[in-house]
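The chain below stands alone, shown as structure tokens; this is the form predicted on its own.
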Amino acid sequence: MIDAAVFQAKGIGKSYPGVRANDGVSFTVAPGEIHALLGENGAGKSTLVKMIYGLVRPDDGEMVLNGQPHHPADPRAARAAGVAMVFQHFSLFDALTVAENIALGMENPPPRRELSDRIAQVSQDFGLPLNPARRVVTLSAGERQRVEIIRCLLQNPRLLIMDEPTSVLTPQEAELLFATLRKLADQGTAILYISHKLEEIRTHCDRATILRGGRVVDSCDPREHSARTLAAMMVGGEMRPIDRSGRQAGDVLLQVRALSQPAPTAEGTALKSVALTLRAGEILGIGGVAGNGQDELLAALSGEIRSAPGTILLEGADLSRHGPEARRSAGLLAAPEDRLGHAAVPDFSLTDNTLLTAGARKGLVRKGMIDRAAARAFAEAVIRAFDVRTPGPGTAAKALSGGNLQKFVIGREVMQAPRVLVVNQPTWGVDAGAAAAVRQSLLDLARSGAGVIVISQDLDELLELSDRFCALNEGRLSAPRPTDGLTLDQIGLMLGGAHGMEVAHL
């Protein structure tokens, strides 16, 4: 197997100030193998694949690709050697079209019309439809992920690295992707696959290497183990189930009445007479296929988009014309889907990123003056409470792994004790242990008397967390249904619009 290996890592090590990201990592990926890298957030997975792709240089150890030493100076050299990578955080230019973004990742792109035809054909073959002419700024997170995936597949790589590729795909899209990956593997492509979805790993991966604290701690055939066993390997012990007890629905906190908004862009989704009611102690789950109005609904609730008077009421107070800061002060907080760029400024430190939403509510800004000590203390409190793996609050947001930044963003909002919290994709790219902790924090927040709205494409997550479920389809919200007894088949019909498009007025 070693002689036939597409890729080998031999004692790879990488250190940053205060952190040993990788320590003597060794593993092998064979031709035609879908090989999983498993580990908690901060275990060293992203650093490792960045070294393979030429974004980071190892401090020690050796890499071998197709029998030759592999030490790419940059991603261009890695691509020339036959390595392609789908990133967890999108590397796309918003102002450019899908075709223009894909052309930037090619050494010798074909003429634009030919490239557009190839994109359309590949996206159709993979079941991930894309319009090559659309500007990226108009795409949902799920659609942006499709751009990343198709850009890689057009390169016909020998080694394909995928970092959380299904995190914002629907179950149907994910199944189509895996069918394609298996075809690629059957043709001899080696696939290095990072995901926190353990059932996904068990079903589709041939081999798994488990990292903990930057070191390889185990290797196995994931098909021979349960998801709970794999999670225990990752964290070094058993995980406790989340606690849903002790919650009761109380008084009405949030009312949304006939909320209609035009599409913010030509490719966006208009909201059409959306209505809902949220009570204290309740978690309302909202599911939907990417691009059906999730971002628009969160923007309307957060105040980024203002609505007609009388459409959004918090404890009877009309906030419809209020902006984000006024809504936060009143107790209506939100955490958007795009954590790096929307929920956090990449180059800002974690301390400075607390100021984005907690300045007034936590007293970090008084009479126009920033209390740096208070901001740092709040950032440190979030880091401790949510186990954010980082050297400290002075670290830039972009330096954190995706899962650790997600924990920080959710923690920053939860620890402001909101009356209502709206979150979109709360556990996107978060490992099993961290996902359980994030979900528990939302349950605990509801237990304290807050109301929580969870917008997610993870149906298992919605069923685990929510008391009631609504489906968002083409900007319309279905009537809520209790999640107890609700099946995935029923939810699938609701997501597809087969619920009569009745609007929730409860």
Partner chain sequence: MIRLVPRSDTPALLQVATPVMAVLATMIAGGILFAIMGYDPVAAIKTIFWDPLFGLAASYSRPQLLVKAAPLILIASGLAVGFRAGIWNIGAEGQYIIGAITGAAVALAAYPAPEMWIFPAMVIAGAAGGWAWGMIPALLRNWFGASEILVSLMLVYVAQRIAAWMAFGPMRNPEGFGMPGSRNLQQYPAASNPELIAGTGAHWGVVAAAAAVLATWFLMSRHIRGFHIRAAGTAPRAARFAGVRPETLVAFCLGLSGALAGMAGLFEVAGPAGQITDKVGVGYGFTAIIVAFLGRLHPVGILLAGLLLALTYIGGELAQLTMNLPAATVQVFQGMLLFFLLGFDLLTRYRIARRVTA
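All values derive from a computational prediction rather than experimental measurement. Between two forms, the rigid core is defined as the largest C-alpha subset superposing within 1.5 Å. Positions refer to the first chain, counted from 1.
The next section is about a form of this same protein that is not shown, the form predicted in complex with the partner chain.
Using a 4.5 Å cutoff between non-hydrogen atoms, L92 does not count as a contact of the partner chain in the predicted bound form.
Though the partner is left out of this view, G268 does not reach within 4.5 Å of the partner chain in the predicted bound form, counting heavy atoms only. Interface membership of T209, defined by any non-hydrogen atom within 4.5 Å of the partner chain in the predicted bound form, is ruled out. In the predicted bound form, the partner chain sits beyond 4.5 Å of every heavy atom of D186.
Only one segment in the set 174-182, 353-361, 194-202, 122-130 has residues whose heavy atoms sit within 4.5 Å of the partner chain in the predicted bound form; it is 353-361. Shown without its partner, this chain lists E282, E143, E100, D338 as candidates; in the predicted bound form, only D338 has a non-hydrogen atom within 4.5 angstroms of the partner chain. Interface residue among A377, A258, A232, V365 relative to the partner chain in the predicted bound form, by the heavy atom within 4.5 Å criterion: V365. Contacts between stretch 269-308 and the partner chain, counted in the predicted bound form as any heavy atom lying within 4.5 Å, involve S302, E304, R306, listed in sequence order. When the rigid core is held fixed, the Cα atom of R447 travels less than 2 angstroms between this form and the one not shown.
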